[in-house]
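Let's start with one chain on its own, the form predicted alone, as structure tokens.
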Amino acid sequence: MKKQIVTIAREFGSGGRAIGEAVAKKLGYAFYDKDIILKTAEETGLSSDYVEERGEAAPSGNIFSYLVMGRYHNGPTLEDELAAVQKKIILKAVEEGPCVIIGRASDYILKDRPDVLSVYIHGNEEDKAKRIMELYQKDEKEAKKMMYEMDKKRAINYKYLTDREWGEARYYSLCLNSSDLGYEKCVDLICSLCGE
């Protein structure tokens, strides 16, 4: 079956977003990343900055912080509500046609669809740090700290939402090292699996 939907989970600094955008352009698919943030903000009445900060990354670097929030004892948390709205937006997006979706546990949300290619993009630490330094004007120490903290938050949030380990190969159709392959080869491989 032709893969009409591509989900891309990515390590911070791996270039996953840029790869996803290039795939969408090459295939003529819609591209969803910041759009999900804006639509979630619109539906919830929260600021887009808040949704961007909390919608994909855990508010704390500690999984036990969720227990304090009372997810199971005091009803849904704000993170649960954000996840529910994002899920609704993602499900609507895929019904509108072929698309590429960046992050937001979209691989898990769409796991039962046969037309989904779920991709995990990772990279070598030095390459990711260099990219972060260039994009965010940080020194190497700051870039590595950002990389570690963002990936830790994404992993905790993913575990919270899915009860799965973020980045574990068995949950993805394809895992690509953007440092070893380069962005262009990653784009070509993904597109080739979508029938391009």
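Just count from 1 along the sequence shown to find any residue number. Being a predicted model, the structure only gives us computed values, none of them experimental.
Keep in mind the form predicted together with another copy of the chain is missing from the figure; the text below concerns it.
Trainee: Just give me the single entry in Leu117, Ala83, Ile102, Cys99 that has a non-hydrogen atom within 4.5 angstroms of another copy of the chain in the predicted bound form.
Mentor: Flagged contact: Leu117.
Trainee: With the partner left out of view, is Lys25 within 4.5 angstroms of another copy of the chain in the predicted bound form by any non-hydrogen atom?
Mentor: Flag for Lys25 set to no.
Trainee: Please determine whether Tyr172 contacts another copy of the chain in the predicted bound form, using a 4.5 Å cut-off between heavy atoms.
Mentor: Output for Tyr172 is yes: heavy atoms within 4.5 Å of another copy of the chain.
Trainee: With a 4.5 Å heavy atom cut-off, would you call Val187 a contact of another copy of the chain in the predicted bound form?
Mentor: No, no contact at 4.5 Å.
Trainee: Asp163: heavy atom within 4.5 Å of another copy of the chain in the predicted bound form?
Mentor: No.
Trainee: Would all three of Glu21, Asp127 and Leu135 be in contact with another copy of the chain in the predicted bound form, where contact means some heavy atom lies within 4.5 Å?
Mentor: Looking in the predicted bound form, the three residues Glu21, Asp127 and Leu135 all stay beyond 4.5 Å of another copy of the chain (heavy atoms).
Trainee: Given a 4.5 Å distance limit between heavy atoms, list every residue of 10-27 close to another copy of the chain in the predicted bound form, or none if there are none.
Mentor: Residue within 4.5 Å: Glu11, and no other.
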